[in-house]
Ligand SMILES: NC(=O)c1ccc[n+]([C@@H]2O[C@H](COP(=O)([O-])OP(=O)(O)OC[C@H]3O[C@@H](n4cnc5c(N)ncnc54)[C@H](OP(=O)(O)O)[C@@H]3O)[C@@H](O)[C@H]2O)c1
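This document opens with one chain alone, in structure tokens, the form predicted alone.
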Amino acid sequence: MKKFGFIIHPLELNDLARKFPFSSKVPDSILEKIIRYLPQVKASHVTGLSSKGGSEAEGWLVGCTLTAEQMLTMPTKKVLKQIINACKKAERLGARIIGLGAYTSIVGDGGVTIAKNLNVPVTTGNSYTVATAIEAIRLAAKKLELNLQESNLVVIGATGSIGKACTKLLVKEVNNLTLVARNEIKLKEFTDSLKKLNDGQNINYSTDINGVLPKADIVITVSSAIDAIIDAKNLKSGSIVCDVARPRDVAKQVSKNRSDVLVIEGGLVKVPGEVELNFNFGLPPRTVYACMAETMILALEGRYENYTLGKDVSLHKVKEIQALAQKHGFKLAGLRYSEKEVSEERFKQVRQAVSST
């Protein structure tokens, strides 16, 4: 039996109630102080993972109790110490490879320091996250009869590891590419490097999200912002927004208030076997985030190695993990947003908006 671990944490304070029911009765100001000192916990035992090739695996979800905001605002050393302790708990449970979920893969150097402090390998899951985001965009464009080669693509969070990889994979497939990030120096450097490698391509950059959205046919957003950053009124009618970020960059109100815009979540995967996560992520049965799926795939394959680490994602590994996913029976979990499958009626509404622009 192959064995893996996966590190999770509450994105917000109210997420703690899933494991600690008492937390809903504690004032937020007090709860924020308490969880800084809570021990790492075994959140669940994952069973029933079975590759279509016959391999089987089990795993453990281990919780680090810090919220997304705390991980971004507390001293990095203290946050890394808590994450490492959570990983060591997964080690003791029997994990032979550990995946880093949500902000545990963002803090510090993208898992490199964490891996150096463990006896088992680590992956951030970003390679498969990129692969599934690209797959979701291509499927959505096909559903809307939107020609990628005639489209304007905006990537928000373009200088991050996932944003960079998505950009490199799609740069030749779109008519116009605009990169968006907060750090203008890094943004210009990345844009210039892309232009050198892709002579003749129309590549631009901006630090103004709202300024570029009105002309975007497709938006990939993968920032590390704590709150939603996309304003519904600035989106182009008939556009596709693929939200890969955790927490989400797109407020739920966008999908509710703009029936002419298709909002989808990147990185949701259907896993093989009769999997029981024994933990409520708010997802359908047998569905996980791509970062967790990458950890499962590597375990089933017996690839106990540091796979996706650091601030850059190898395009070779994106293609390799996608091939391994197909080998073991993992696949994109359709097109979803806000815990629901995108309906045919929504596709029809957005297609009409596309045809009228």
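A residue's number is simply how far along the shown sequence it sits, counting from 1. A quick note: this is a predicted structure, and the numbers were derived from the prediction, not measured.
In what follows, reference is made to the form predicted in complex with this ligand, a form of this protein that is not presented.
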property: Listed residue that, although this ligand is not shown, lies within 4.5 Å of it in the predicted bound form (heavy atoms), from Ser239, Thr178, Gln82, Thr159; result: Thr159
property: Contact residue in the predicted bound form, from Ala225, Ala115, Ala140, Leu213 (heavy atom within 4.5 Å of this ligand); result: Ala225
property: Three-residue site Leu38, Gly59 and Leu93 fully in contact with this ligand in the predicted bound form at 4.5 Å by heavy atom; result: no
property: Contact label in the predicted bound form: Tyr289 to this ligand, heavy atom within 4.5 Å; result: yes
property: Contact of Gly99 with this ligand in the predicted bound form (heavy atom, 4.5 Å); result: no
property: In the predicted bound form, Ile218 touching this ligand (heavy atom, 4.5 Å); result: no
property: Touches this ligand in the predicted bound form: Thr129 (any heavy atom, 4.5 Å); result: yes
property: Region of this chain that lies against this ligand in the predicted bound form, out of 255 to 263, 159 to 167, 196 to 204, 275 to 283 [heavy atom, 4.5 Å]; result: 159 to 167
property: Residues of stretch 267 to 285 in contact with this ligand in the predicted bound form (4.5 Å, non-hydrogen atom); result: Gly267
